[in-house]
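In C-alpha cells, one chain follows: the form predicted alone.
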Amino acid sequence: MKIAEVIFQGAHSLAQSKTPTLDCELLLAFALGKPRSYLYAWPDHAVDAKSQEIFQQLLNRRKQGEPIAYILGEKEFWSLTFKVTPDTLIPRPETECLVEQVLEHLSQEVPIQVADIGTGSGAIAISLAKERPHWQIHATDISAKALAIARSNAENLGIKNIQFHLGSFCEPLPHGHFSALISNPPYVADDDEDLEASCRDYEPKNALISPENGLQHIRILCEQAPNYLNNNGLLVLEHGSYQARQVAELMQQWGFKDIESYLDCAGLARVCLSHKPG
C-alpha cells in the first residue's frame, strides 16, 4: 500500500480520535523511521511490509485509547522534545502559558533561583533552564520514576543549570530563598466528568487528581510557598479553567498580593501569578 492509502485507511478506523489523520501520520512516520514531512513529500511511495506491521501494532494501541505521546515515547513542549512514559504527565500546550509568564515577570539578566514543584517530565523546569542559562533551577517530584525521566530529559537536551530533588511539595528544596516557585500541580477533581478517558485510564492519577474539589495541592503550595520565597517573590500556579477565583482566594488567604490571572492558548483562564509581600 502507498503512504497516502495507509494514512487514509488508518484514519478511517480511528473514529474515536479527535485528530485521526494526524495520529496516523505520527504513527506511520515513527514506523518508517522518517520525519512527518517525508509523508507529504512521498505520498505515493509504497510502505514495506515490516513498517506496515509496526504501524498496525501502534494503531491498535491508539484504538484502545492510549495517548499518542505514550505510544511514541515523546512529546514536544516549548519546541523541545521530551521523553515521556506513563510515570509522567504528558506536557500540554496550555502549560506553555506558565513558562511565558515566568519569563516575562522575572529579570533576564540577574542570576536567580527558581523552583518547579512536581516537575514530572521536567518540561517546565527544563524549558526555563534552556531559556535562562544563568538561572539556577530546582525541580522536585514525589515520584522517583518521574524524576528519573526528568533527569534523562535534562541530560539529552544538554541542560546543566538544574538540580533535581526527590520529595513532597517544597519540602526537599535546599535552604535558601527563591525568586519564584512555580507548579503545574494536580488540580482535577476526582468526580470531574470532563476528564477525558485517555487521561483517566493512562496518565498517573497522582499527577492529575487532587482532593478538595481539585484544590488540595494548590492550597498546600500556597501555605508552604511563603517559607521559601524571597520578599516580593513570585508564586505562579497552573489551574483548571474554572478555578481562577478559588486559586486567587487561596493565594490571598496566605498573604499573597498583586494576584493576576492569565489565559492559555485557547483563551481559558489557566495561570494565577502573585507576589509575596515585602
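When you see a residue number, it is the position in the sequence shown, counting from 1. Note that the structure is a prediction, hence the values are computed from the model and not measured.
Below: the form predicted together with glutamine (GLN), not depicted.
For the residues 83, 130, 151, 92, the 4.5 Å heavy atom test against glutamine (GLN) in the model of the complex is passed only by 92. This chain is drawn without glutamine (GLN); in the model of the complex, the residue among 159, 112, 72, 199 with a heavy atom within 4.5 Å of it is 199. Of the stretches 130 to 138, 151 to 159, 177 to 185, 103 to 111, only 177 to 185 has residues with a heavy atom within 4.5 Å of glutamine (GLN) in the model of the complex. None of the heavy atoms of residue 173 is located within 4.5 Å of glutamine (GLN) in the model of the complex. None of the heavy atoms of residue 97 is located within 4.5 Å of glutamine (GLN) in the model of the complex.
The closest non-hydrogen atom of residue 207 lies within 4.5 Å of glutamine (GLN) in the model of the complex. Contacts to glutamine (GLN) in the model of the complex (heavy atom within 4.5 Å) from stretch 226 to 260: 238 only.
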